[in-house]
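Just the one chain here, laid out as structure tokens, in the form predicted on its own.
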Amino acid sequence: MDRHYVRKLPAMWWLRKRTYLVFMLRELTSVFVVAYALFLMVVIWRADDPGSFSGLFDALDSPVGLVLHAIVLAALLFHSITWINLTPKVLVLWRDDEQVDPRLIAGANYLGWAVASAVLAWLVLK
């Protein structure tokens, strides 16, 4: 039987380099994305009952609810920005023999994000 030596990594190996840290933080923020999506599903589910729906919104209007929403917003912004910044590395486009500028790819993604956010804000706030 051939056994290969597997080097043991310390538990905090991802703190050694900034790129590892950003990667791990982005992966951690995906938990916030899932948790908030589940939270929104609960809000939609409870919207049928006016009593529990108003109680939910009273709880969200409390200082704890506002702080939690601020934390989730920061996590989602970090997740989205780092994800969009990765797209030029994953999506390499060529036009004839020249590579499309990575800033153009990321910029198009930021523009799409801004347009989608503006449309959603318009729909919610009208």
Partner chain sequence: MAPTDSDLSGRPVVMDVFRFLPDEETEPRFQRYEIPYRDDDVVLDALNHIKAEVDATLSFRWACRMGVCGSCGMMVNGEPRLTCETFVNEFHPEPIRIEPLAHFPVARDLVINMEDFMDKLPTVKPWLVPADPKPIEEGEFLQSPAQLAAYKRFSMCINCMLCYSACPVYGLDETFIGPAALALAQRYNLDSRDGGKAERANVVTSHEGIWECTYVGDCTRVCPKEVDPAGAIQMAKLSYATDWVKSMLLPGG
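Bear in mind the structure is a predicted one, so any value in this text is a computation, not a measurement. Numbering follows the first chain given and starts at 1.
Although it is not shown, the form predicted in complex with its partner chain is what the next lines describe.
In the predicted bound form, Arg7 approaches its partner chain with a heavy atom inside 4.5 Å. Proximity of Thr19 to its partner chain in the predicted bound form: non-hydrogen atoms within 4.5 Å are present. Although the partner is absent here, Glu27 sits close enough that one of its heavy atoms falls within 4.5 Å of its partner chain in the predicted bound form.
Proximity of Val43 to its partner chain in the predicted bound form: non-hydrogen atoms within 4.5 Å are absent; the residue sits far from the partner.
Within 4.5 Å of its partner chain in the predicted bound form, a heavy atom is found for every one of Phe23, Leu86 and Leu91.
From the list 73-81, 29-37, 91-99, 59-67, the contact stretch for its partner chain in the predicted bound form under a 4.5 Å heavy atom rule is 91-99.
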